[in-house]
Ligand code: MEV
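Listed next as structure tokens is one chain, alone, in the form predicted alone.
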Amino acid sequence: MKNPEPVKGFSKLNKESKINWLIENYFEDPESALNTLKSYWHDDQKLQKMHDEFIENSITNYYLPYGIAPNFLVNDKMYCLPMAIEESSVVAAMAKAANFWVERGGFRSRVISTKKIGHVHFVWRGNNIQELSAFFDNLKPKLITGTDGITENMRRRGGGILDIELIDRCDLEPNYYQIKGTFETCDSMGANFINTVLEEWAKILQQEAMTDGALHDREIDVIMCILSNYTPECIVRSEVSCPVESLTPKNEMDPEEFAMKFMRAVHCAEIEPYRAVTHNKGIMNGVDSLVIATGNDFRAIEACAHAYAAREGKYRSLTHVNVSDGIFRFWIEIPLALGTVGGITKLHPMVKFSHELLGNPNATELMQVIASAGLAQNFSALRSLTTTGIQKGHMKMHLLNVLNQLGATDKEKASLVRHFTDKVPSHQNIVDAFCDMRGITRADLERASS
């Protein structure tokens, strides 16, 4: 194994030089490595250049499968959902849930709030909190007027600064305070806007502290200025409902029995964190795939959703269920800070394609659609878990992945897909069936692949 020396000035090298250094220092077969990288370049040089400029030290593109889940009825509007994800059974599960609920009125979704938060974190070493409070009362209007130039365009679109508060966190850390800003960023996710405002507030804070009679500059020490990706007031709710009797065909399972098992499955996730994490991960399979396809920040969405799930001090399910008066209701409330303008939404060709596919929604509509996707994914997962088990559908989708790893031909794939039509495939019995078809042993297969 190669063990290269550290490289200096790597980011200043051109793309070709970066690649040459990389493959010569880390790969046993540089030509094969180079061919792999080049195979993912766009033929369109202008398009490739744009992708290269998205991030630093770009050497190629990394593709995810881009699938479609049709027949999503959300608030009486039909959508075809774009999904960028590599996990085998997710798109199939989403499409199955959409087909189920389109016949039962679809998804009802509404945005509860769209507020976002940012903080100026600072240290104040004074002892009299009344002095700081009085200073802040005089400072607050200056924070608003001092950022008028930054907020002008956002205010024109109906957004801007909603509130500014002084937060005392000395119970957690000595001399620790925050200026908390609440913002409306309309159709943009708003990270750059919020951070720009916060950094200007920090300057105003320090300038005003220097001229205040009761304060002086050495008493105010700004730690940092940053938006929060925890947005518990940027919430969307999506719900499905139908009579219990229409939940399942009676020849499959008694509908009331299914409703009871489904409720118990959700309750498990509401009381048991071990189950809740996997439960919510399934929800995020649906959410993240749309977030990625629409050019939004899935890492921020993930972090926020999981923090929200633990907001009461214990990690719980993001979905909830109720059966009352013969009606089954299943819903999700989830924070989704999304944007339909800014970032790469107007640059990345597939992101633009996704937005057009969805009808170029505004941020509120996109929140409603993506929350419905998370609910649909969870419904499909729970339906499988409480009836046939999750592996039957998942492993059938995984079957082709295993066969591709084994190097099966198209004819062999078709034959083995038929073979497993009425069986639950596992990795072991897929390999066994493949070896039987070729008339070889496992040892033969391992020698051929080594």
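Computed from a predicted model, the values in this text were never measured in an experiment. Numbering starts at 1 and follows the sequence shown.
The protein also exists as the form predicted in complex with the ligand; that form is not presented, and the subsequent description refers to it.
- Only one listed stretch (36 to 44, 23 to 31, 378 to 386, 399 to 407) carries heavy atoms within 4.5 Å of the ligand in the predicted complex, and that stretch is 378 to 386.
- Site residues E87, R275 and N285 are all in contact with the ligand in the predicted complex, judged by any heavy atom within 4.5 Å.
- Using a 4.5 angstroms threshold between heavy atoms, K281 counts as touching the ligand in the predicted complex.
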